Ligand code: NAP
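Only one chain is given next, in C-alpha cells, and it is the form predicted on its own.
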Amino acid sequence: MAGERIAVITGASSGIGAASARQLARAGFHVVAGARRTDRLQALAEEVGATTLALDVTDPASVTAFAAAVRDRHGQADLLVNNAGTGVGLDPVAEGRDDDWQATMDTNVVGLLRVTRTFLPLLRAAPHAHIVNLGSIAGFEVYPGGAGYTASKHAVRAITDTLRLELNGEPIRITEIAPGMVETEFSVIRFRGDTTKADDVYAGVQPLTADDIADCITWAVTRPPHVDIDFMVVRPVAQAASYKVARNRS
C-alpha cells in the first residue's frame, strides 16, 4: 500500500517484541515480525495483520533472506526495532560457561550489528527512518554474575552511540530504550527454564511489563521526524538500580 510505514521487529515472538508489534500496528505501521519461533508469530498475523517471517539473527543466511523478503514485498523499512536478545546464566566469571557467553554475544551484539548493516539500504530507501535498539540498565550498570550480559548491553550502548554519529546528516533517527526489571520470559531463559528462580526475581515487586516498554518505543518513534529520542531509561518505581530493589515481603 502506497505510503504505508513498515516496522521491522526482531525477536517478535514474545515479550517486548510481540507487545511492540501490537502497539505499532495500532499506531499505523505495517509490522514485519521476525523470530526463530515462527509458530508463535501466527497470533500476530491474525491479530494485527503482521507479515511474519523466520529470522535467526545469529545466522547470516537467515538475516539476508529476511531482509530480501522485506525488500521484495515492501521496498523499504521505515523502522527497525532490534529487539532480539538473550542472557543465559548468572554465574560469576570464575564459573562462567563459554557457550553462554558466546550465545549472548552472538545474539545481543553481533546479531544486532548484522541486522542493522543488512537493513541500512532499506532504511535509507525510506523518506525518514528510525532504528530502535533494545538495551538495558545493564548497559551502564553491572552486578555480580552478569558479566556476559552486562558486557553485551554495554556494547549495545556503544553501537547506538556510534550509529548516531555515523548517521548524522541522514534522515535516520537512532534510539536506545534501556529497561530495568521487566517481567517477560527473560528470567526463565536466564535460569534455564527454572520458573521458581525466575518468579523469585519479581517477588515483592511490581515490575514493568512488555506493554510498558512497547509504549515507550511507540512514543519515541511517533515523534515528529526532526525529533530524536537518543536514550530512554525506564525502571519500576521500586528499582533504584539493578542491585537495589525495594521489595514488599509481607
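Note that the coordinates shown come from a computational prediction; the quantities given were computed from them, not determined experimentally. Sequential numbering from 1, following the sequence displayed.
Beyond the structure shown, there is the form predicted together with the named molecule, which is absent from this document and is the topic of what follows.
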Q: Would you check, heavy atoms only and a 4.5 Å threshold, whether Glu185 touches the named molecule in the predicted bound form?
A: yes
Q. Can Gly148 be called a contact residue for the named molecule in the predicted bound form at 4.5 Å between heavy atoms?
A. no
Q) Taking 4.5 angstroms as the cut-off for heavy atoms, does Ala214 touch the named molecule in the predicted bound form? A) no
**Q.** in the predicted bound form, Thr222 touching the named molecule (heavy atom, 4.5 Å)
**A.** no
Q: Choose one stretch from 70-78, 164-172, 118-126, 134-142: the one whose residues place a heavy atom within 4.5 angstroms of the named molecule in the predicted bound form.
A: 134-142
Q | Residues within 4.5 Å of the named molecule in the predicted bound form, restricted to 26-62 and counted by heavy atom | A | Ala35, Arg36, Arg37, Leu55, Asp56, Val57, Thr58
